[in-house]
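Provided below as structure tokens are two forms of one protein chain, presented individually as structure 1 and structure 2.
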Structure 1
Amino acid sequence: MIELYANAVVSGLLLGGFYAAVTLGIAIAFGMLDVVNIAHPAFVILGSYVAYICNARFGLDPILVGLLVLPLFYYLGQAIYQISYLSFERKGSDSLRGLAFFFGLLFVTEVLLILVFGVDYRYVEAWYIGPTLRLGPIDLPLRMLVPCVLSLVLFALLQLFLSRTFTGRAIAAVSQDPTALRLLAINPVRIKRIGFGLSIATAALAGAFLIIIQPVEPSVGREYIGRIFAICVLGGMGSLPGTLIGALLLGVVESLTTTYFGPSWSPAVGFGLLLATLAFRPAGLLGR
């Protein structure tokens, strides 16, 4: 019994590490830039499919693919932000249209993937999918361990970038104090464009991780909407350490739910947690 739960907690932590990578993008876009990109999971799934195509056609390693297409996703993000800025933000029009726009993107991406690839589950092949490390009674499947460790690396790198570099600090501050940025002769729109580019770029890697962890079909992304927003809000919006804690927590709770009640209940955990957080602790776990 204890072994079962210890394993559940450990796989929850591994899952949580990966969730952190998926949430990174939204922590930047929503938490720092104040762009409510509900389409983020669709970009993650897009990343998964890119990894799948390159893996199936050319036998490339999915993580390598994720790294290779980072720049493409970065510019895709910049382009999307530019459209959203020109059409909504600049005109100061209500958030209604921005939300509808990203909802449309989410929907169109999903439907396009269904049209091209159908609704079959797709998966990738790599040497680390299959073997499992055993530490006494604890199982560490490499297909979970590798994405988790790399997610943490990605996390640390971004945290360094956001806290140590000039551009990074500007991104972290842009929605709090756009006037201050203007005074420093920084263009807030440019900063937000870079930030949003980064946010979408993380989706390329997160997508590669996702398809390593589990087979993917186009609508899988929907489950992640609840997860990432739950983590983001729980983590106190835009605080990376908070996001990491929220992600690990959600991973463990989901994993325990699956062990205890069965996998059909796990999608509700993230969303349930989100609803509970919004209702009772909107400032997040670490918030006052």
Structure 2
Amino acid sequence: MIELYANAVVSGLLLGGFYAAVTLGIAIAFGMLDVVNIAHPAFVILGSYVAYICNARFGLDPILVGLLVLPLFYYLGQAIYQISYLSFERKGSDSLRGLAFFFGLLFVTEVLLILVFGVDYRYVEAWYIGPTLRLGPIDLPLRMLVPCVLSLVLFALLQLFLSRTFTGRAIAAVSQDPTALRLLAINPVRIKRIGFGLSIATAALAGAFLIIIQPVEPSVGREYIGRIFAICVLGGMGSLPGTLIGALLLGVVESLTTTYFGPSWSPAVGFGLLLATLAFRPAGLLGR
């Protein structure tokens, strides 16, 4: 019984590390930039398919592919934000129109992937996908451990960037007081464009992690829409440490629920945890 519990907790922490990587872009876009990018999971899946193509055709490691395409997705994110800004934000249009834009982007991306790749599941090959590291009674599947460790490294690097650099602090502050940024001769639109580019770049890397953990097909990203926004709110809007804690907590709760009650209960318990947090601490775990 103790071994079962310990393995469930460790499995939940590894799962939470992956959830953190997927949620990181939303924590930046939604929590810091006030951009409700509902299409975020589409870019995660797009990153998965880029990793799949390069792995299947050229034998490249999926994580290496995720790192190599970071600049490409960064500039893609900048372009998408510029389109959104010119079409909606600059004109002061209803925010629901911007939300509809990202919904449309989500479904257009999914349909294009279906047209090109079909609905078959795709997977990658790498040396760390099959083996399991055993520490006494604890099993550590490398396909979960490697993405989790890299997710923690990614969080640490971004936290340093956001807290120690001028541009990073501007990204964290742009949605709170854009007027103050203008007084410092900083263009808030440029800062939001940089921040949104970072959010899409991290989504692509999370996509490389996803296809390591499980096979993917174009619509699998829908499974994560609710989770990533729940983790973002649970951890506290705009708080990367809070997002990480919320992701790990949700991963452990889901893993324990799956182990003892079955997988069908895990989403309900996870969102129940979110509702309890909002009831007793509306700002989230580490929210301002």
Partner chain sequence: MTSATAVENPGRKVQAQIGTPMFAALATGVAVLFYVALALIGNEYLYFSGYVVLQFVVMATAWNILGGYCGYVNFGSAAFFAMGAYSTVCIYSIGTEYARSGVGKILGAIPPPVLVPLLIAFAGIIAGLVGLGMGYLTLRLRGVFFSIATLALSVVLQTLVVNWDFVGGSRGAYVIRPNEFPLLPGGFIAYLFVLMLLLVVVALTLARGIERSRLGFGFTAIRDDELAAEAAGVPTLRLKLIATTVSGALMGMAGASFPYYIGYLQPNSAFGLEYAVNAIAMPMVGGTQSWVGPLVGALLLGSFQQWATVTISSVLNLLIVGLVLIFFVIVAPNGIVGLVREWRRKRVLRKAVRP
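None of these values were measured; they are calculated from a predicted model. Superpose the two forms; the largest set of C-alphas matching within 1.5 Å is the rigid core. Structure 1 provides the reference sequence; residues are numbered from 1 along it.
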The same chain appears twice here, once per structure, so which copy is the form predicted together with its partner chain? 1
Please check if Thr277 moves between structures 1 and 2, taking a CA shift of 2 Å or more relative to the superposed core as movement. yes
Using a superposition on the rigid core, decide whether the Cα position of Phe58 changes by 2 angstroms or more between structures 1 and 2. no
Could you check, with the core superposed, whether the Cα atom of Pro241 shifts 2 Å or more between structures 1 and 2? no
I need the CA movement of Ser264 between structures 1 and 2 once the rigid core is aligned, reported in Å. 4.2
